[in-house]
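In structure tokens, one chain follows: the form predicted alone.
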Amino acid sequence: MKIKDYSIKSLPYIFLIIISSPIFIGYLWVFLRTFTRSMYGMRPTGGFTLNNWALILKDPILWNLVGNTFILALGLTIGILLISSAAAYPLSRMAFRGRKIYLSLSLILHAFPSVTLLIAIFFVLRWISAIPIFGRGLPLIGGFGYNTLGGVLLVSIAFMLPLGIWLMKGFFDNISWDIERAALIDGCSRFRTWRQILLPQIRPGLAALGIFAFMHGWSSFIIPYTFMVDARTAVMSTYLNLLTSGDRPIDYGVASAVALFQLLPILFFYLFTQKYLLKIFSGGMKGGS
């Protein structure tokens, strides 16, 4: 009887191993391909080599792309945390006209695929490009117009805001009203109550959303690929696409090394922060409407 119960309990794990095996095999292929000598072709042949890693680590263009990717991921994280927490507070704790309509519309906006709005966003970014300094000419991000890192950052924040607002609202909903009432009775303003009383209460939610935003910004592809055409403003994902597209033969060794190089920071980041990342899905299950 015990043997039968044990076999039944192991079935879900066996099923998960079977359906996950293609993913593990794919990652194993990428890892092995970075250390093989053959230049072209899908099949790893030849002996062990570190030339693929040497080529990418000595490439100054790659490190410029790493800097752009880090700026995009960090900027997206800071922007999402600030705007989402500031917008979610009144939506969770205050009653005002149009509140439920705004929440419904933001949820509908999140349901739209990003590709359906790319043409409209292109014209908006072209219009912003004509604005002096703000459109072009800012340090690090280049501005907020078309073909700038700031423009991609602005679009990325806009697309991720509905998710961030709803998640932060869920965490605010779970805070007891007694804490906020006590602060308001003691003379705290709404802003001070939000900054000094409520934000410390939702630090796990802020950490989880920040981790999720950073990972999203680091691996973002479609928006940078669409709105940044200059190689100097490209990011890691678009550079990897360049290595694996076109009419020339693909150097799978170098491409695999770049792919693994892009994956490693996210992998280590996830391993050390997964307990906070998993909390991101618990914020909206309780609390107010």
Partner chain sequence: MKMELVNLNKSFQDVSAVKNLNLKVNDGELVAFLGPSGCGKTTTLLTIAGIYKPTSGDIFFDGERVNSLQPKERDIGMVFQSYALYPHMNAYQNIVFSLVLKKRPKEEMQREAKRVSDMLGIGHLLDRKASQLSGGQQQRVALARALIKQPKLLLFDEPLSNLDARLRMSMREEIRRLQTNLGITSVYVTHDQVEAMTMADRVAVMHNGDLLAYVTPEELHERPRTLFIGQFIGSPSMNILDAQLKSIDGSLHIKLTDGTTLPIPGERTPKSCKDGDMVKFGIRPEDVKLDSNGSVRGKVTFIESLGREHLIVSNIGEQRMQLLTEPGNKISLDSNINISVDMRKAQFFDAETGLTLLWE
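Positions refer to the first chain, counted from 1. Please read these numbers as outputs of a predicted model, since none were measured by experiment.
Here the subject shifts to the form predicted in complex with its partner chain, a form of this protein not shown in this document.
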Even though the partner isn't displayed, in the model of the complex is P200 close enough to its partner chain, meaning a heavy atom within 4.5 Å?
yes
With the partner left out here, check for me: in the model of the complex, does some heavy atom of R181 sit within 4.5 Å of its partner chain?
yes
Against its partner chain in the model of the complex, would R126 count as a contact residue? Criterion: heavy atoms within 4.5 Å.
no
Do G187 and its partner chain come within 4.5 Å of each other in the model of the complex, heavy atoms counted?
yes
Just to confirm the contact call: exactly one of 142 to 150, 70 to 78, 200 to 208, 128 to 136 touches its partner chain in the model of the complex at a 4.5 Å heavy atom cutoff, so which is it?
200 to 208
